[in-house]
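Form predicted alone, single chain, as structure tokens, below.
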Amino acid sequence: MKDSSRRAFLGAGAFAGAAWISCQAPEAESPGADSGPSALGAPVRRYGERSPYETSARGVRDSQTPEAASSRTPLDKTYGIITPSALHFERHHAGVPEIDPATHSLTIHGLVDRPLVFSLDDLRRLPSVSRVHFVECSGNSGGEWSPAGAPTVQLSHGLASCSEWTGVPLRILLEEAGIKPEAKWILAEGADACLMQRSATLEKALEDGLVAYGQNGEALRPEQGYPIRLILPGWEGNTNVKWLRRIKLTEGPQYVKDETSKYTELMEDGTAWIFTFEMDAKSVITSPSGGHSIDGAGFHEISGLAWSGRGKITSVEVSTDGGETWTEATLQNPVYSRAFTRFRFPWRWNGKECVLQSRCQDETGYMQPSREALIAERGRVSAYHCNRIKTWKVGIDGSVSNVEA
């Protein structure tokens, strides 16, 4: 059952007030004039660095072929909705190529009137936009098909990140080349060693496809596709082809190796789903989450992230009793389409064992499912697109761990 907005607001204020009072020192004293630093600080740097006390890092999965591996974003160590570029997850099939932007180009060809080749300078001269969007590997949360699940949010949900992407709308490039009437799909190809390829619909490319050269205010990082990559907002990560070198317009999908040997979903009846592009609505509590420890009973803020490949998140509900009751959380504004949305929920822990969950709904009306509901629809043999509700248990000692509710 949902609390009213007014009750939630008043409750949050009361909680926050109590928390503020509990944090005050009874007899705080102003520091003396001679208590400041006794030595000069570090000089000005050419490129900023984070404090040595901040040690959050991507988790890298061990692999016999590290060039075809992944790293995961520490979602519980991030604030707001933007993932720092250095913490954005990675997934590669043939390592990170070193590309000279002065010699790299993007070719538009196939079912077009005028095949075109764009240099990076050409792209930067064209009208640009900046948009906030998440990118999520379709295998993110793949371990959550199992009842056990992953012990931390980095391991369970860390193959998703959110950035501000800057570049040229793909529509501009395709219309400049002249789209032939029979063109209905595109094939995007990267310049890595495996020439990563993915088919996508022309409709999506024209709707909001972006050829990005900027990420979070600077050039793309090499592991994120420098000098240019494709962004298809809300679609599974591998369609957002990195190190983009060509786009071919075609009549239909090409069924290339990167969308047949992988990224198809096996069903229990032996059939397989292919081209399941959109990432379903998903949320997860990041604080407190697995591996954390709550320091005593009293006020704590539950916080997390929600996102959907179909548009905006419209609501997030939080349960502190394993799904018996649900209360609406507050969404941090602004809420962007196909982007991370931060949610917050004021909570007074009574010191007893409890179970935390979140579930979200997007603007299409789709509600994030339980594991049981997801299995009823998709079976038990898929490895992709797992968006079930994640559950954390808080022990009486304050320790937080993964648990299947």
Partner chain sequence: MSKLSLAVFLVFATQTLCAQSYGIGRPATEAEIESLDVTIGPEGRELPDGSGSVQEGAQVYEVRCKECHGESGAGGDHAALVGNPEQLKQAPPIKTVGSFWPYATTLFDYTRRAMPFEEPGTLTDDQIYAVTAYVLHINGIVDENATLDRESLPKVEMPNRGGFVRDPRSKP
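Numbering follows the first chain given and starts at 1. Only a predicted model underlies this, so the values are computations on that prediction, with no experimental measurement involved.
Although it is not shown, the form predicted in complex with the partner chain is what the next lines describe.
Contact check for 71, 85 and 104: none of the three has a heavy atom within 4.5 Å of the partner chain in the model of the complex.
Among heavy atoms of residue 116, some come within 4.5 Å of the partner chain in the model of the complex. The partner chain is not drawn, but in the model of the complex it has a heavy atom within 4.5 Å of residue 193.
For the chain shown alone, residue 333 is not a contact residue for the partner chain in the model of the complex, no non-hydrogen atom being within 4.5 angstroms. Contact check for residue 152: no non-hydrogen atom falls within 4.5 Å of the partner chain in the model of the complex. Only one of the listed residues (296, 181, 147, 270) places a non-hydrogen atom within 4.5 angstroms of the partner chain in the model of the complex, and that residue is 270. For the options 321, 122, 218, 301, the one in contact with the partner chain in the model of the complex, meaning a heavy atom within 4.5 Å, is 122. Contact with the partner chain, judged by heavy atoms within 4.5 Å in the model of the complex, is confined among 321-329, 153-161, 287-295, 260-268 to 260-268. Contacts between stretch 304-322 and the partner chain, counted in the model of the complex as any heavy atom lying within 4.5 Å, involve 310 alone.
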